[in-house]
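This document opens with one chain alone, in structure tokens, the form predicted on its own.
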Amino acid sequence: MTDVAVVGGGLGGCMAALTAVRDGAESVRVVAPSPERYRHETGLIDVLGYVPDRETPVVRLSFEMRRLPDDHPYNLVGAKVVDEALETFDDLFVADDGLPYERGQSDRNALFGTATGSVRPTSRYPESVSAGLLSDDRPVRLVGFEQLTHLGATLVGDRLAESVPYDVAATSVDFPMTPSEYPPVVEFARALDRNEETADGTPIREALANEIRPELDVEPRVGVPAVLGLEESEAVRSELETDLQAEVFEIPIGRPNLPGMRLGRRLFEVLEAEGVIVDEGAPVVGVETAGERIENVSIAEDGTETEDTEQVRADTYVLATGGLAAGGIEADREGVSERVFDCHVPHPDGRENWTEAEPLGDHPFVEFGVNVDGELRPCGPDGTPEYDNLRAVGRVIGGRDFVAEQSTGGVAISTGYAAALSALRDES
């Protein structure tokens, strides 16, 4: 028997599992995690970037969070819990030897340039991007790689130069290897991890520095696409900085996104160290309920329920499977549903009402997810909890466009933390 079983292994699910085991749960299990989902994550922890009816980024987080609707996840769990959850993340990653993170000053967002040249507000960020802070008034040079179309350095540089009061130079160089796959992001990272030799016998880290160095003028910091290693990223970046005599920072460039993959790897390393059982690659294929409680879930590595299917019994379950994009919410001709426990998902009647006519309009489908009460229990159409021992976290919760308001990371961390505390309260 498990105290807490987390279904899904995104940021919210990992935070729920970690909080539960650190706060007294004797046994915690993560089932049906999808490490691949971290390929879609930037690695930046956005708490609240934008609010409705305002085009400028949020600066003071606590002030704007208090103005959110009462049913927003931040207000459901409460400001105190949000602060505690973010402090827990900071305790894990700020100054972490494996994957160090930094945070904005006080409760203010930090601003970074993106791979499209736009400005992105974020709250926590890996050290590998920190030299790219837009508040840093030193000149910068952006360097793209010819074999990688994710970052058009000149275009990005021109756009950023319109937003900052310092010089932004840009150029592109050849990455010193011929890729065998596309996009070559992971291939480049693996080669840098191992410091493989190039065709002329030069270690690839040195060869990359040799490509970049002639392009530098007086810039004390250099931004490159986020490909600087997966397992040895800090060592790769440090060596480049030494060779170039400049600070080097990465620019997240989209899928596959290495900073997100690094975050996922580190989270699972921490879970393993804390004694959490992780069932990788074993999706939920069945659920057994009794009245208003979930009795067990069945998992199978091949996704098919058989006589050998394993049953996972737990006192409390945490639903952390993500929203539409992650597959936690499904939509078809029959309607919209939550994939694992078949919880109620409010949605307009008629598929024609799921979208707006304007491509960039406020599409209803982006808010599809389960409704939850103050304990994060998914609720039915009448507003009462569907199961007493189920909590929902992250983007499987509906009613908000977390991507537009740039709050996905903060909501995942806060609801994961709160769900674990709620589950442990029930047990006691």
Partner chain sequence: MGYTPHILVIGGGVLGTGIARDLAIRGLDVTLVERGTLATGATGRMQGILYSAARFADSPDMAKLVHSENETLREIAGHCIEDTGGLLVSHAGDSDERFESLLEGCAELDFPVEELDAEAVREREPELGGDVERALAVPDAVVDPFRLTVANAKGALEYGAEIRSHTEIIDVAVEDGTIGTVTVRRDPSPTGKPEVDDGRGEPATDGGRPGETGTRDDQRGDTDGKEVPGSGRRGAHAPGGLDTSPSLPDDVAGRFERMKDDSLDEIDADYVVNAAGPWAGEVAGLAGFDLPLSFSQGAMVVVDDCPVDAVVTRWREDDEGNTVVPYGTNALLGTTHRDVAGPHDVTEEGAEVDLLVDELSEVVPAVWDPHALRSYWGVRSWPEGADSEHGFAIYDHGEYDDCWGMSSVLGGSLTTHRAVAEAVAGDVCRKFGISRTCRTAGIPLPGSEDEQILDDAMAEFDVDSPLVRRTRRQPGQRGSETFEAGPDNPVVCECQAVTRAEIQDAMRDESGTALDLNDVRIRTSASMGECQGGLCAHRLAAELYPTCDSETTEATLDGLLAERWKGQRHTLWGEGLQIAMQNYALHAGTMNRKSESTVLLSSREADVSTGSDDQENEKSGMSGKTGGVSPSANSVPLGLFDDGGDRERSERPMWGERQR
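The shown structure was predicted, so the numbers you read here are calculated from the model rather than taken from an experiment. Positions refer to the first chain, counted from 1.
The same protein has a further form, the form predicted together with its partner chain, not shown here; the description that follows concerns it.
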Select from the listed residues A300, L324, A169, V81 the one whose heavy atoms reach within 4.5 Å of its partner chain in the predicted complex.
L324
Note: exactly one of N296, T88, T202, T114 sits with a heavy atom within 4.5 Å of its partner chain in the predicted complex, namely T114
Determine whether any heavy atom of E55 comes within 4.5 Å of a heavy atom of its partner chain in the predicted complex, and answer yes or no.
yes
Quick one: does E338 come within 4.5 Å of its partner chain in the predicted complex, counting heavy atoms only?
no
Is there a heavy atom of T42 lying 4.5 Å or less from a heavy atom of its partner chain in the predicted complex?
yes
Indicate whether A209 is a 4.5 Å heavy atom neighbour of its partner chain in the predicted complex.
no
Pick from 267 to 275, 330 to 338, 309 to 317, 191 to 199: which stretch has non-hydrogen atoms within 4.5 Å of its partner chain in the predicted complex?
330 to 338
Are all three residues S238, D279 and T304 in contact with its partner chain in the predicted complex, where contact means a non-hydrogen atom within 4.5 Å?
no
Would you give me the residues of 113 to 134 that have any heavy atom within 4.5 Å of its partner chain in the predicted complex, in order from first to last?
T114, T116, S118, V119, R120, P121, Y125, S130, A131, L133, L134
